[in-house]
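Okay, here we've got a single chain as structure tokens, the form predicted on its own, with questions on binding and movement later.
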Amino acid sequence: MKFQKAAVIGAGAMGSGIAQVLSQSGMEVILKDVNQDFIDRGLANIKRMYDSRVKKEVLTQAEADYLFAMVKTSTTYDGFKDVDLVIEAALEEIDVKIRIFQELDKHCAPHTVFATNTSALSISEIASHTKRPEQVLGMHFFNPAQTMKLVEVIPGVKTSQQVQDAVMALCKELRKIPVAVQECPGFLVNRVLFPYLNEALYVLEEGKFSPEEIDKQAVVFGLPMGPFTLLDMTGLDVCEHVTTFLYEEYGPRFQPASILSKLVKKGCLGQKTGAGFYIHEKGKVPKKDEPKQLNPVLVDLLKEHAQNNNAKSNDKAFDALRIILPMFNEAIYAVQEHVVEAQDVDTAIQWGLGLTRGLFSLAEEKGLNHCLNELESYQKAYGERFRPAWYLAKLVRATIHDFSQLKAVPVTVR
């Protein structure tokens, strides 16, 4: 199975980024959206990407012009008869995606593979509304698609292995790093990320540590930015939506901290509104070590929270493991459920979240037994959010120090 021509549905930031990635590989691409204004903005975005590559001397102007010309546009499904792959990057609403896939079924050839760039919605549900569920899967690119290396490749219940293998191979041709992830709410990276963000919010609510102090320790651990910087950048409303969704799917260990929804109700959504956890002045890019200004609304909400909950302070210094261990534990749950292979976890977290060290390096440094003990200690203090995965306890009982010991060793049978 070879992909020679593709289409991308949705000309927004993700769709235009995906179209640029495909075109740079030499593939002809149809970029479709519902009106010409959206398409024009998407094309302008792709042009900026190619201009940037020329400026950096990655491409010559002639090469950039040639590759940019590989992107055709349409507001209809004309020309979809001979595409080999369609990647949908429309609104993150299940009804919208289902309607799109039903239309694709009518206009595409029988061999065409359909992929959705959804970050959380059910691949299997979307596929069930087509006549080719075996040819439908998830291709979750990370934002910005033109620079982020990771692609989560997510088969649905009926996706054929041949289709999954072909898409994995295509990702490598696109110079991406694909990781196979079985379908589950949040897939892998978002499922692992949000317990970390949520626990940082709980720490903040306790009132002893500032967002900057927590952010700083996360960066020291190896993350490219702290949780509150990331929340502001992503959008607090988006994060609240995902957190609520994961809580509904997974239960108590994803119970959301209340401060996030309170800020959203106040209209503090992060960078896009000028205030989230921090104040963001329009047009001003803060220097690396420049102190950040806290949002006064947040300060008032934290005071109110302390009064209403009789928050107790303690004298312990903030330990980054408090917010890293929930991420580690959720990754263990994913391995336990066969969502992902253990050896792929660190690859996904490195290229999806920018972690400069392996998440499972905690086990290599301290041992799985230490991680289990820490989680049990936090569980006693803070409840179900820290309940250890049973698979972790199983490995500890087997005296496994870290995941490298799980590699199969050939045994000669006489």
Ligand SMILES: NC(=O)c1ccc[n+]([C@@H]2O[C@H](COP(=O)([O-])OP(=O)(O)OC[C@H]3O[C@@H](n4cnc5c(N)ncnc54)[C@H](O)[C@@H]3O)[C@@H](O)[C@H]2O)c1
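Quick note: we count residues from 1 along the sequence shown, nothing fancier. This structure is a prediction, so every number in the text was calculated from the model and none was measured.
Omitted here: the form predicted in complex with the ligand. The next part is about that form.
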| query | finding |
| --- | --- |
| Single option in 169, 157, 109, 96 placed near the ligand in the predicted complex, where near means a heavy atom within 4.5 Å | 96 |
| Proximity to the ligand in the predicted complex (heavy atom, within 4.5 Å), stretch among 28-36, 57-65, 359-367, 378-386 | 28-36 |
| Residue 143, heavy atom within 4.5 angstroms of the ligand in the predicted complex | yes |
| Distance check, residue 135 to the ligand in the predicted complex, heavy atom within 4.5 Å | no |
| Residue 393: touches the ligand in the predicted complex, heavy atom cutoff 4.5 angstroms | no |
| Close approach of residue 41 to the ligand in the predicted complex, 4.5 Å, heavy atom | yes |
| Site test, 92, 100 and 117 vs the ligand in the predicted complex, non-hydrogen atom cutoff 4.5 Å | yes |
| Members of 1-38 lying within 4.5 angstroms of the ligand, judged by heavy atom, in the predicted complex | 9, 10, 11, 12, 13, 14, 15, 32, 33, 34, 38 |
